[in-house]
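As a starting point, one isolated chain is supplied in structure tokens, in the form predicted alone.
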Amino acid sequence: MTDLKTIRGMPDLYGENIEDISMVEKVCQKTFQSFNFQELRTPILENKSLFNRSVGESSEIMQKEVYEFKDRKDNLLCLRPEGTAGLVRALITNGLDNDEIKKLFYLGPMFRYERPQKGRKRQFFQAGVELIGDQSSDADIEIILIANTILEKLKIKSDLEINYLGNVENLKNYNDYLEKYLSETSDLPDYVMKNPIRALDSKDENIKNKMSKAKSITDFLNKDQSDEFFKIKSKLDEIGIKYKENVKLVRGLDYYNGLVFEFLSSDLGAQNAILGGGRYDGLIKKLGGRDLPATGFALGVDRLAEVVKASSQSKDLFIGCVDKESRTYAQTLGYKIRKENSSLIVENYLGNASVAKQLKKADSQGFKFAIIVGQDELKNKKVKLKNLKEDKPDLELKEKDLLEHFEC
């Protein structure tokens, strides 16, 4: 039945797929928290006007990819296509846009109507950080360090590309120049006509050839801005973060200014950006809040999960049974062991397989140890702890000793 099929680009996630995604999410969350960033959750649904004002009506996202619909009161809503705009809206509507520096992160599903391909789905998962209220280049360095830490923890080989866009005035001047420069080019796409700076990352061969002879954004920076970019590069050099300058890098959202960056991986083919962000001073004011500086990044959890597969999760203790009568005691043992150490993965087997098949199952699922509970174990309150990973003799342990063996 067609009504029971998943929507294209929105797959069910289970087994290894969800394990990989969950592993990436956990690494992101632990890293964000290690830098003292606090979580903020926003609704999946927002007013479409929020993204028109932030992402930009001329952006490819708003032109082609946003999921929009009217509710019963005729309000035009959309599924969130990215995380920054909703977080900024939350700051403003909750009165959190004060002078205090804020370090925030988010995790959750986003939605874009695009052609599903490797690492790109119509429902995808994104994690990101936003550092609000710090104008200094130290804030830019902080978010790059967070991004680099995540990729290092996941053992993903990547290349960092950076560019500097100046401020809103620089971008306007550069857009005016490009509009004039491209005016002789025929059949310009709408997104370029509405926002000429989009020509920098166009895939159109005619536009790419034309742009190869155009001035770069760096030609429109003043001395202070050039010095700021030099300062950022010097700090990256001092810390030991390798990077490459890319004068064509502008990112796909209209709110970016100042430093922008992307981490690229060769493991994803042509669509090789796995993480990107930059500064967006002015966005909070534009959306009705205070004039606060801000910087941040977002990464595609699904895309990272494509690059790094979760190694088989190490599991701790498999507790099997010889018969149904001993099952309650086996469950009691499992319950007590988990109370002693809540981080352990303990399986209480509830099936009816033979002891040999239970041990085979425990081994195949990656458990380090196994216990088989029968009438003798139930009577004597002693068990044999089998080491499934090393060739060692079984340990005969009383219940108290078993609990101590698995303590925190």
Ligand code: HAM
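Don't overthink the numbering: it's just position in the shown sequence, from 1. Being a predicted model, the structure only gives us computed values, none of them experimental.
The discussion below concerns the form predicted in complex with histidyl-adenosine monophosphate (HAM), not included here.
Novice: May I ask you to choose, among Arg120, Lys153, Lys194, Lys286, the residue with a heavy atom within 4.5 Å of histidyl-adenosine monophosphate (HAM) in the predicted bound form?
Specialist: None of the others qualify; the residue that does is Arg120.
Novice: Let me know the one among Asp201, Asp134, Glu142, Glu82 whose heavy atoms come within 4.5 Å of histidyl-adenosine monophosphate (HAM) in the predicted bound form, would you?
Specialist: Selected residue: Glu82.
Novice: If you check in the predicted bound form, do Arg251, Gly278 and Arg303 all have a non-hydrogen atom within 4.5 Å of histidyl-adenosine monophosphate (HAM)?
Specialist: Verified in the predicted bound form; spot residues all in contact, yes.
Novice: Heavy atoms within 4.5 Å of histidyl-adenosine monophosphate (HAM) in the predicted bound form: which of the stretches 235 to 243, 122 to 130, 182 to 190, 204 to 212 has them?
Specialist: Of the options, only 122 to 130 has residues within 4.5 Å of the partner.
Novice: Look up in the predicted bound form whether Ala273 has a non-hydrogen atom within 4.5 angstroms of histidyl-adenosine monophosphate (HAM), and give yes or no.
Specialist: Because a heavy atom of Ala273 falls inside 4.5 Å of histidyl-adenosine monophosphate (HAM) in the predicted bound form, the answer is yes.
Novice: Answer for Glu114 alone: is it within 4.5 Å of histidyl-adenosine monophosphate (HAM) in the predicted bound form, judged on heavy atom distances?
Specialist: Taking the distances in the predicted bound form, the answer for Glu114 is yes, it comes within 4.5 Å of histidyl-adenosine monophosphate (HAM).
Novice: Given that histidyl-adenosine monophosphate (HAM) is not shown alongside this chain, does Gly296 nevertheless sit within 4.5 Å of it in the predicted bound form, heavy atom to heavy atom?
Specialist: Contact check for Gly296: yes, within 4.5 Å of histidyl-adenosine monophosphate (HAM) in the predicted bound form.
Novice: Test of understanding: in the predicted bound form, would Tyr255 fall inside 4.5 Å of histidyl-adenosine monophosphate (HAM) by heavy atoms?
Specialist: Flag for Tyr255 set to yes.
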